[in-house]
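Below you will find one chain, with nothing else, as structure tokens; this is the form predicted alone, and questions on how it binds or moves follow later.
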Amino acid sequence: MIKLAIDMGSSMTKIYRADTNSGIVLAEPSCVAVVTGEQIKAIGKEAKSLIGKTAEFTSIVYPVYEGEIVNMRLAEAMLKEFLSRIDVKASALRRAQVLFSVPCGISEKALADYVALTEECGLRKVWFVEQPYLTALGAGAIISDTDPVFCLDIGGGVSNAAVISEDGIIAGISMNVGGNNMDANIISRIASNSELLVGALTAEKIKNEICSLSPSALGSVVAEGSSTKTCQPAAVPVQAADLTECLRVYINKVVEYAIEVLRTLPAEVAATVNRNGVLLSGGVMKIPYVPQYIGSMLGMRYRMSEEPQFSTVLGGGVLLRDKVLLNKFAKNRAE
């Protein structure tokens, strides 16, 4: 029987196949290119490659925004296309077992939208699990009653902070803060400092190539875009040190919320968390000195997997192989 774990994030959709040795079979941008509001032109990586390059009658839409489905029609089309790209035939979907990651503390309405999406896609055996459980399992943590795990994940559009045990989420929060905010801030900073307007793809590339939270951030890149003075094509050098604050302001906001979660913990749980440290995940953690900075701000040790951007979907694969934990952590379950 086909078993799939799906992390349908605001920025990226990742799919893990647990019934074979395939592992992660898809990782593509969660976006759709639409012509005049109706016709779908491209989905996934093809759609993202068109950002900033389309004519006025073509728009790039993200059907999942800040962890919620905001465009059901396009979300359905996108998920169906991704499933077809991993060679899962429509006839097999009714029998497939599928686990979806959802934000910590998801509302009943938002969860109902995910249920409706799976039904529209022909999925019948579906579980929905809050992201912190999956992050912990994907990073190799053991979830028990006696040893709570503190997880902090920074995604593209949503960040989650939670302390979990086998009994459930002891304290947790989902925040509409993530890597996309950092990209937008980089665009604004370059325009202010260098009088150059760069696109979203360029800002993301700059973030991944040279950004760092090191006190002595080094490195530079030539950014290409449009001059804010002449409106003509232009290129300017951008220094890593000039962009540090573009990341720090949002990292600080996430840490601020995480500290509020820690303040609500019972004394014994707080002692265990302080002893064990924080488990970090999300693609932002690959940026140099971000993990060290977060650990310093929280005043505790940190740990993370080698590929923190895949921790959630990897955890989904782990959970699909453990029916006892799956039934315990799932918010609702389709027989």
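Because the structure is predicted, anything quoted here is derived from the model rather than measured. Note that residue numbering follows the sequence shown and begins at 1.
Form predicted in complex with a small molecule: not shown, discussed below.
Screening Leu279, Leu298, Ile287, Ala33 for any heavy atom within 4.5 Å of the small molecule in the predicted bound form leaves a single hit, Ile287. Of the residues Leu134, Ala75, Cys151, Val158, just one reaches the small molecule in the predicted bound form with a heavy atom at 4.5 Å or closer; this is Val158. Contact check for Thr118: no non-hydrogen atom falls within 4.5 Å of the small molecule in the predicted bound form. Contact annotation: Glu130 falls outside 4.5 Å of the small molecule in the predicted bound form, judged by heavy atom distances. Using a 4.5 angstroms threshold between heavy atoms, Arg17 stays clear of the small molecule in the predicted bound form. The small molecule is not shown here, but in the predicted bound form it comes within 4.5 Å of a heavy atom of Gly179. Screening 238 to 246, 120 to 128, 186 to 194, 202 to 210 for residues having heavy atoms within 4.5 Å of the small molecule in the predicted bound form returns a single hit, 202 to 210.
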